[in-house]
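The data below hold one chain only, encoded as structure tokens and taken in the form predicted alone.
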């Protein structure tokens, strides 16, 4: 029984990181109705920042969060102007294909330069023992950092001038323009924030598991599940969806082989899409 409880707790810890990863995806959708299919590549970019800076400069793994955040924001701005700006307001399929193409380019460049060999970043953080089980320190620290970053994002969106402008554009872009909000700049910044969240999440995931250049797809798919659970365009719901997904993984892990976990998760994905098209938490459209 204690083993199941430990598995659930560990699943929730990892789920918080899943939730943070999905927040960037759902933020971009909420502001401009764009599904960013470069999200997985940006997660891997964060993992590579973690690996390269710790290996080359000897930085602490968690010190790489800052360069990942700043670099992710700059890359997000470039992504907006290159692949999204001209497609905002057009059918979602166009931006979907555009970001998918950029994703393939990034994966191709990464594969050509680094190959598909696995990378592993050793992280030494003391865990917490409970009976004969020990909760890994990196899992605990990653979950705490994910919760703190998510809380800071909430404060930013609700209590800063720029955050309120992002929420205004998400709710009604035309009305926001009427009150002189620079909507194009807000959209670009929103993509920058979304990508920086993906990069930071990639750093945290890289402290938990080995990864390759191709690892982004699986985490992007988990991001879609989390986004559907929490509701498209709802960052807070995404965090709750991440916790729910981690909880599910923790519950099923002691009873079924790992290969069945994805089957169960995507079955849940289909069920939620049918039963709760707006997400389990059913957010109001455009409400960030």
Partner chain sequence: MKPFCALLAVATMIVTPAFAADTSSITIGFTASRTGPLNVDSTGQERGFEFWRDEVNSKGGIQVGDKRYQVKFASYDDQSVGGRVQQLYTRLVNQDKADFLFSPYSSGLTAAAAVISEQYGKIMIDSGGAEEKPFQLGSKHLFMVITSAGHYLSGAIAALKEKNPHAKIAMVYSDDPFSKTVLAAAKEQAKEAGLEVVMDESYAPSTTDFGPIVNKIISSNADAFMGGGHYSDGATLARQMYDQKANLKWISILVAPADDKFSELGAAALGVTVPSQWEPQVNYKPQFGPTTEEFAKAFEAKLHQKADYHVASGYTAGVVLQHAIEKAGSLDTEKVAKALDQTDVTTFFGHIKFAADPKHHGLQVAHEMVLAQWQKANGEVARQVVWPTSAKSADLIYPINAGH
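Numbering follows the first chain given and starts at 1. These numbers were taken from a predicted model, which means no experiment stands behind them.
Missing here is the form predicted in complex with the partner chain; even so, the following discussion is about that form.
Given the stretches 80-88, 119-127, 188-196, 158-166, which is the single one in contact with the partner chain in the predicted complex, using a heavy atom cutoff of 4.5 Å? One stretch meets the cut-off, namely 119-127.
Find out whether any non-hydrogen atom of residue 101 is located within 4.5 angstroms of the partner chain in the predicted complex, and reply yes or no. Taking the distances in the predicted complex, the answer for residue 101 is no, it never comes within 4.5 Å of the partner chain.
Test of understanding: in the predicted complex, would residue 172 fall inside 4.5 Å of the partner chain by heavy atoms? So residue 172 does not count as contacting the partner chain.
Although the partner isn't part of this model, could you tell me whether residue 71 comes within 4.5 Å of the partner chain in the predicted complex, counting any heavy atom of the residue? Although the partner chain is absent here, residue 71 would stay clear of it in the predicted complex, with no heavy atoms inside 4.5 Å.
Taking any heavy atom pair closer than or equal to 4.5 Å as contact, tell me whether residue 94 reaches the partner chain in the predicted complex. No, residue 94 sits far enough from the partner chain in the predicted complex that none of its heavy atoms falls within 4.5 Å.
Using a 4.5 Å cut-off on heavy atoms, which residues of 54-81 contact the partner chain in the predicted complex? Stretch hits: zero.
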